[in-house]
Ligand SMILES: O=C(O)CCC(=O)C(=O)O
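What follows is one chain in structure tokens, specifically the form predicted alone.
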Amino acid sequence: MPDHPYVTAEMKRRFWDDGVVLLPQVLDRAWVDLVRLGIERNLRNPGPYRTMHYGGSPREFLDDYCNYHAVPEYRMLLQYSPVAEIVATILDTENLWLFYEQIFVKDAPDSVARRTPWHQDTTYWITGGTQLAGFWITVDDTPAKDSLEFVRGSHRGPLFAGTAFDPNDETTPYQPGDWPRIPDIEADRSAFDIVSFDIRSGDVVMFHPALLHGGGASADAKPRRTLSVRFFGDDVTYQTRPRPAPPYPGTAALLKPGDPLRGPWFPQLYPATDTQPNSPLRT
């Protein structure tokens, strides 16, 4: 298994037990500046999945995803920074692939931008298995009250129906299925073990995508620009979803449920391949 000197036994324990761990100052300024440039490039040249949620309202935010091949800064970060090896070390996987990257931009037009609804990523994904991780990189200092929030330990189950981001009812399901409706966490926050972190530029939050999470409200009208990178390891398999997101067209023609999740949509990041060589920048 990979072994990166930054990773401690406590980081691994928190990720697998709590579902989330803060990685303080894991990225130096050069990498954070690169992420910022990548987000700016992405915003100038949006991809086909760009979406403005709750447009024209105080809770408006933008997201865009699956632009790895169109944004060189994202490729540089994942091919040459220590990120991939650190994630592989925490996941205890010999190999690591990119599932997709996604940006979130909150730039409140009024005094308050309302929170992003609670959800679990894996209800939208074509993934089975456990070696999954989200790497939440925000380039703006963010206090815990405005940051991403998590229900600690909820990655161990149950899995709930994904939210449709209905502004009138945040528990409205996104797709049909056998999962129960997501609980109304905001109606009784004290009943859940909710955690969030003060973020300084260079800090990263790594979390399991089955963890219940949602974006805190931006109370001071400051922008929040985030690159969230999703990874998977050796034990992850292909599963069908009625309305998968990302859709990854053509994957069902290559794979059947239970097959290892591999294919042209998913570049291998660790170990480095011939097309993604190791670099002196990777430490």
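Keep in mind that this is a model prediction, so the values were computed, not measured. Residue indices: 1-based, along the sequence shown.
Beyond the structure shown, there is the form predicted together with the ligand, which is absent from this document and is the topic of what follows.
Out of the listed residues Asn67, Thr251, Ser228, Thr237, Ser228 is the one that sits within 4.5 Å of the ligand in the predicted complex by at least one heavy atom. Checking Thr142, Ser154, Thr116, Thr93 against the ligand in the predicted complex, a heavy atom within 4.5 Å turns up for just one residue: Thr116. Contact annotation for Leu132: none of its heavy atoms lies within 4.5 Å of the ligand in the predicted complex. In the predicted complex, Glu73 stays away from the ligand, with no heavy atom inside 4.5 Å.
At the 4.5 Å threshold, heavy atoms of Asp121 reach the ligand in the predicted complex. When the ligand is considered in the predicted complex, Leu148 lines it closely, a heavy atom lying within 4.5 Å.
Picking from 179-187, 208-216, 154-162, 83-91 the stretch near the ligand in the predicted complex, with a 4.5 Å limit on heavy atoms, gives 208-216.
Along 84-105, a non-hydrogen atom within 4.5 Å of the ligand in the predicted complex is carried only by Phe104.
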